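Encoded as structure tokens, the following chain is the form predicted alone, with no partner shown.
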């Protein structure tokens, strides 16, 4: 039985609850200092006009920063690119991750741990390091990608893989997919391993095998896991920064500009901190709305 502690007011707490509270305090302090307080000041700062060199000279502008954002064509370009990245990330990372998980779960009998480790390894490398590696691979002069294509007689982009506005964002998606698909695979594989083998045996008797069994039995049974995977991918796609900043810095011609890099541009290059705060609040609201919809869908499952 749990012991209780009674304070001077007669209010008692179980020892388990006291332990939980004590363990949560460091996390709450950390979140308050590095998340809640900065978020609060970002919201407050979004109603002012000030720069990095005039932190003591805040000018109240009300909703002008938000009105400016609604009329800023580059903001809408960045937002559109974020939605493109969301869609591509879900298809590439969750889609390919699901296929790889299914292959590891039922398609490979030997060496599962080795293959799982190899596919997951990019996830433990920092995003900046991954971006630099792929920056070298994409390099039109010394990159291995161009060398391979030329060796087999295929054409290469005249403006380079990251210099062509029509394909640069998709090249970034390949980099992001290479790093993050392994994590989606491991997450979905955990769900697949929770599906009872007896379900597949019963389905096999009814003639549902292979792709048919995967489509009509496996996917519905791991629906909640897929929703969580999509939620994580969606939020990550809206927070994307490192890949774009290292590879293209939003170029060429804003073809890869996203909200993260545009906020950085406004805050630290153009020194429009108030406007950057407003853009950050917009990004926060979008993330909260998407998260709410995803969580509501998962509870309905």
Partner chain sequence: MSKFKLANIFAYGFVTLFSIYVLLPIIVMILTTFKTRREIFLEPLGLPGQFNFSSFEKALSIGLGGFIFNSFLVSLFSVILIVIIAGMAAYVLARIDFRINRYVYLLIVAGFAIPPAAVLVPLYATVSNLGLLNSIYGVVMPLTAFGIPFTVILFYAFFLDFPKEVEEAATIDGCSKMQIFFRIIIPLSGPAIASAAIFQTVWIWNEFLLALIMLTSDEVKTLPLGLMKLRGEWSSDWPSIMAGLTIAILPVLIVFLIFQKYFVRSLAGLGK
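By rigid core we mean the largest C-alpha set that fits within 1.5 Å across both forms. Residue numbers count along the first chain shown, from 1. As the structure is a computational prediction, the values presented were derived from the model and not from experiment.
Just so it is clear, the following notes concern the form predicted in complex with the partner chain, a form of the same protein that is not shown.
- The partner is absent here, but in the predicted complex a heavy atom of 123, alone among 123, 217, 84, 195, sits within 4.5 Å of the partner chain.
- Among the residues 213, 79, 187, 94, the one placing a heavy atom within 4.5 Å of the partner chain in the predicted complex is 187.
- Contact between residue 50 and the partner chain in the predicted complex is found at the 4.5 Å heavy atom cutoff.
- In the predicted complex, no heavy atom of residue 66 sits within 4.5 Å of the partner chain.
- Interface residue remark: residue 205 is not counted as part of the site for the partner chain in the predicted complex, having no heavy atom within 4.5 Å.
- For residue 26, a non-hydrogen atom is located within 4.5 Å of the partner chain in the predicted complex, even though that partner is not displayed.
- If you check the partner chain in the predicted complex, you find a heavy atom from every one of 100, 107 and 288 within 4.5 Å.
- Contacts to the partner chain in the predicted complex (heavy atom within 4.5 Å) from stretch 135 to 150: 135, 136, 137, 139, 141, 142, 143, 144, 147, 148.
- The rigid-core alignment places the CA of residue 42 2 Å or more apart between this form and the one not shown.
- Once the cores line up, the CA of residue 66 ends up 2 angstroms or more apart between this form and the one not shown.
- Comparing the forms between this form and the one not shown on their rigid core, the Cα displacement of residue 28 reaches 2 Å or more.
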